[in-house]
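Below you'll find only one chain, the form predicted alone, shown as structure tokens.
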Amino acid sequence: MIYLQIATNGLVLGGLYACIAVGFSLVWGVLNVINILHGTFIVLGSYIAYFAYVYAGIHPFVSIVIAGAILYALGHVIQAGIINRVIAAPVLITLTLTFGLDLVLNNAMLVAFTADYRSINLANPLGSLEIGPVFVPGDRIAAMALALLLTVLLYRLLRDSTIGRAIVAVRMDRDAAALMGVDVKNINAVTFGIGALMAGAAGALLSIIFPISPLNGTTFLGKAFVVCVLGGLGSVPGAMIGGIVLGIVESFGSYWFGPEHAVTISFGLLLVLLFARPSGLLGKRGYE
């Protein structure tokens, strides 16, 4: 029976991992930019939810909208004003640039908020759900459901909207998209903004589960990287499957080998998949 509880915990965690990774995967797959800022964006979303709850009484589930809007604006400005100037450069240049921007933003948060861990203690938690031997806190189930809903909405945006089809066109062939009248520079900024929006929304959801500190940025970035490689670049369904796989693997690995080895197990899984299927579970060969 304990294995059923572990699998359930893994599924809940995996849904949140999918929301963490989908924005990172989108930016990497469309812009060919490995966005080192992504983990810090997630932490910033958590801080927005924290301060909104502490000072305004706004529930973190509602703060998704606030965090997403603020992070979208920040991501759009950063991409249009800075990253777009070197978007055609080799991937190492954009990686170094986002690494430098991450240092600036992360250290700004350290100065503003300190490295102390903070947490949101909800005044009216949702209780818990018990199905036989399985016990899951209601807040975690709701957070997972919202995370998956956001991921599905992004998938529908890419498939059904004009801006979504333009993003897909740029991912497939940016030169051909430009010839067809797509404003590639604007699509780059919009895509980066959407990636930041998803990071901020994920941060707001994670704020009720994990302690909040600027030091968490690296951890979240590592999760996003693993899920992105597992699922495949630019694939929203791949991010969902990769997140769930990582969540279940980490849950069982923590039970069998101890929670201190969860990161080692996840990156070991990453190495195995890189050897067996470099394009990911649902990814297609894209940038070399």
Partner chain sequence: MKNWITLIVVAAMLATLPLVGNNYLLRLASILCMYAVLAQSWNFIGGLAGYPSFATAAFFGLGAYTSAILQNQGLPMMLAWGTAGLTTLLFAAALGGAILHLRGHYFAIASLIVAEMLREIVNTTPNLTGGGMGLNLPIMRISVEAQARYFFYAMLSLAFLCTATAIVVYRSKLGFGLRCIQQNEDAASILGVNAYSYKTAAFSLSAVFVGIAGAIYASWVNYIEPPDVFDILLAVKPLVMVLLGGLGTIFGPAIGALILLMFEEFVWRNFLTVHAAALGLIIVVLVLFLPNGLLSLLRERFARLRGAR
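Numbering follows the first chain given and starts at 1. The structure presented is a predicted model; accordingly, all values stated were derived computationally and were not measured.
Beyond what is shown, the protein has a form predicted together with the partner chain; the following relates to that form.
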- the partner chain contact at A123 in the model of the complex, heavy atom, 4.5 Å: no
| said: Even though the partner isn't displayed, in the model of the complex is V62 close enough to the partner chain, meaning a heavy atom within 4.5 Å? | reply: no
Is I34 close enough to touch the partner chain in the model of the complex, meaning at least one heavy atom pair within 4.5 Å? yes
Just checking whether L11 would be counted as a contact of the partner chain in the model of the complex - the rule being heavy atoms within 4.5 angstroms. no
The stretch from 78-86, 189-197, 125-133, 140-148 that lies within 4.5 Å of the partner chain in the model of the complex, judged by heavy atoms, is 78-86
Among A112, V104, M180, A115, just one has a heavy atom within 4.5 Å of the partner chain in the model of the complex, namely V104
None of M172, I163, L215, L95 but one has a heavy atom within 4.5 Å of the partner chain in the model of the complex; the exception is L95
